[in-house]
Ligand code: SOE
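What follows is a single chain, given as structure tokens, in the form predicted alone.
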């Protein structure tokens, strides 16, 4: 029996366009999906480059105007990986046209935009590409916390360091323009850390932050440091930087509780360090777990034990689980409402950096 088709339009190319295209290609190869994923339309700038990526990833049609996807009746879902300033107009237009909407992070340039997006999309399924939730090691960390293995949480510390911002010879991109990106490293990297912290440790209630721009003449932040309080009583510390020399993509966290410790670094994404404080004191030490067992979350959809996965699999897993939720009528996370909470925490930290004082997180 033939499967129902989900006809998608991808808005945007570039690095994320490649990651998303691969997910749309591969999700049905690894997961037994109830729907067939049809790559109907891809939209982007520059006709020659657009045609090249359309051919490479087997998109049926292409257009240099993202609005072409909105009015077409043969498009069921719109996947947005455009520059940040276009997230709100594209998502709101797609939602108002009754499309399923997937959107890259950050959700928007501001809390007001994010709230408008949530309101517009109340009647349609949504996904936000906080893809690191689908790293098996991170999903397993959440499982251990839910099982009580860490006990009462005391500290949540996170860093997201890259080093490319220090290379001033690189041609400027839209990520260096506050009108197009919102901010610099805060919107780009810190949002990932905030989402993971709330996924693993619950809501943030207040925070204080400071930012730095190290490159002369640059108009966005190169680094941000923040202290936060979580609703569960734990303390949090965040740092994000594009000047983290020696780190190519170090998205890392460590969590300390009465029952143990967890530590993760995306640069070694198949591994999770776990210390069990119930072990006798002379025997206590962090175990470096290889999270590639058939009993670990997410991983069994891909390979056999010990056969590691990569960055691209996080997008595949997120998309596949989203499609499964669409077919079953279940809620998917992270959705627009989840991403709004990230936007609200980010906004509080950015306000605190300007006011130089602790600032509460205001939720809708």
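Positions refer to the first chain, counted from 1. Keep in mind it's a predicted model, so treat the numbers as computed, not measured.
The form predicted in complex with this ligand exists for this protein as well; it is not shown, and the discussion that follows is about that form.
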* Looking in the model of the complex, any heavy atom of residue 249 within 4.5 Å of this ligand? -> yes
* Asked: Heavy atom to heavy atom, is residue 311 within 4.5 Å of this ligand in the model of the complex?
  -> yes
* To do: Decide whether residue 140 counts as a contact residue for this ligand in the model of the complex under a heavy atom distance cut-off of 4.5 Å.
  => no
* Do residue 162 and this ligand share at least one heavy atom pair within 4.5 Å in the model of the complex? -> yes
* Asked: For this chain shown on its own, do 20, 59 and 82 all sit within 4.5 Å of this ligand in the model of the complex, going by heavy atoms?
  -> no
* Could you spot which one of 134, 192, 99, 263 gets a heavy atom to within 4.5 Å of this ligand in the model of the complex? => 192
* Go through 273, 188, 76, 113 and name the one with a heavy atom inside 4.5 Å of this ligand in the model of the complex. => 188
* Can you pick the stretch from 232-240, 154-162, 254-262, 286-294 whose heavy atoms fall within 4.5 Å of this ligand in the model of the complex? -> 154-162
* Asked: Across 73-108, which residues bring a heavy atom to within 4.5 Å of this ligand in the model of the complex?
  -> 105
